[in-house]
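Shown next as structure tokens: one chain only, the form predicted alone.
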Amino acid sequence: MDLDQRLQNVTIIGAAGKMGSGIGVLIAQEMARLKLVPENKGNIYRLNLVDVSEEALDGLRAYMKAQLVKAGEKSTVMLRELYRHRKDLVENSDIINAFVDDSTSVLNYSTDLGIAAKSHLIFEAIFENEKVKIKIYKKLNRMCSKDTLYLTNTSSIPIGYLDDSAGLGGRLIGYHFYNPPVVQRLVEVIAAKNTTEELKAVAGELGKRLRKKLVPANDISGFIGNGHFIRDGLHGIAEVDRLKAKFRYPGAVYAVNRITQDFLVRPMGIFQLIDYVGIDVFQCILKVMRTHLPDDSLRSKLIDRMAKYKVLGGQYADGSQKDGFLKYEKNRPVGIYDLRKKEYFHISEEWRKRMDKKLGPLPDGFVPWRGLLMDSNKEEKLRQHFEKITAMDTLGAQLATAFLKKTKDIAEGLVSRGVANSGEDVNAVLMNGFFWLYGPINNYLE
């Protein structure tokens, strides 16, 4: 059975979540495209969107409609070609409306897992709980055809473990989209030892059709993305613990977050990134990795305390940032959670200036991440930036140099332990999945 046939009936489990909904938009667009191919006339296409509550599905309906309209507006040239046989569609708005109608017509919404029984391709995008995932896979395995293929969006649970536990016989592959799937180019692809060659081929072809950059990772818990991010985050937390005697806790969090954003020219500081992912999600991934890896360092008392106090970060439904390590107004940090007082310390302009003076200035000619993003000469400018950083003797420069080295050590460790096949693959994940301007394996310190 080829991919076109499998795409006639697809199910997404956890479809109302951040990841499942984005995957749903991508697959709905591909189904709409297939419907318009003359050779497919008469074929019936169904995309089953399954989640636990009708309330969640109501929100998903609105999201799917809005995202498909956006997709149509960005693809009018392609859509004109697809709808060239429709002489009644004259204006761009007519074509976009037709595309949205064709896309939404394939959608089935349900809270009943049984709707997946006739699917030959199933995406699973539920929360990171291996017991629940295995339970769902066992149910699906009993009701679905034995040639059904499964793609899991897990970001940390070993694929072979899930496959063996559910008895899927190699019909499961890791297909880790990055958030949000509609925008992010990266998909981390993780095959287990017994993953079938057919499934590997299907996963590769699907990635091409969805115009994603596929990066392979080996089946070791955390894979490349979280394998690096979690350890990078733990190092940031360790730096806070080391610096809090000098700066007090709020000052240490501020310093490490600013170092990792401005001095290292990243899109956000490490504590903003942990907040974005979710402190509870960070804690969950730590537990998964600790369960499947012989590494007891994969734990954090600070993360556990934040989770205990229900200071969790994450995003609201509109995409705005929830408070976590940092308090946000219009998605900008304005406070730092004080564990001792259990309240947010306000970042006043006067306090910020005092902290920045302790860290020292950024190098002359500094350009922030956003300013370099589309700069054709960014590699040379980054090299010059880090040459200046390493030549400075300020506290900020020293912290940045040490963090840059640790980040590289973490990345090289992923290669030496066989998580990644090469340094290029590690760099590709961080640059495409985390929007870094440069890979962690570099020669900036040489």
Partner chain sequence: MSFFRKKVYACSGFYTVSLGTGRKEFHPKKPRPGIEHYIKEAGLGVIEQISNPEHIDEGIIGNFIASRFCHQGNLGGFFPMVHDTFQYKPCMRVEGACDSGGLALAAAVKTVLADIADVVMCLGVEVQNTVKAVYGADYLAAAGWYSGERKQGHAYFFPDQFSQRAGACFDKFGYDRVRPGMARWYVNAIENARKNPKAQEYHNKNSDLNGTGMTSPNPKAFCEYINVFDCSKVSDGAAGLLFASERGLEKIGVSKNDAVEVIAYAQVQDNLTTPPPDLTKLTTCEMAAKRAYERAGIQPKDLGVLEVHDCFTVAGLLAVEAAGLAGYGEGADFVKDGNTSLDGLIPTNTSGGLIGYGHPTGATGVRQAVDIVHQLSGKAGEYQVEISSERPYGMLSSMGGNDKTVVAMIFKKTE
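Numbering follows the first chain given and starts at 1. All values derive from a computational prediction rather than experimental measurement.
Keep in mind the form predicted together with its partner chain is missing from the figure; the text below concerns it.
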To verify the annotation, which of these, A125, V288, I96, V240, has a non-hydrogen atom within 4.5 Å of its partner chain in the model of the complex? I96
Here the chain is shown alone; which of K118, R305, K244, R86 has a heavy atom within 4.5 Å of its partner chain in the model of the complex? R86
Counting only non-hydrogen atoms and a 4.5 angstroms cut-off, does E205 reach its partner chain in the model of the complex? no
With the partner left out of view, is E329 within 4.5 angstroms of its partner chain in the model of the complex by any non-hydrogen atom? no
Is D147 near its partner chain? Define near as a heavy atom within 4.5 Å, in the model of the complex. no
Any chance E73 has a heavy atom within 4.5 Å of its partner chain in the model of the complex? yes
Report the stretch among 355 to 363, 264 to 272, 86 to 94, 297 to 305 that approaches its partner chain in the model of the complex to within 4.5 Å, counting heavy atoms only. 86 to 94
Using heavy atoms and a 4.5 Å cut-off, decide whether R33, L36 and I44 all contact its partner chain in the model of the complex. no
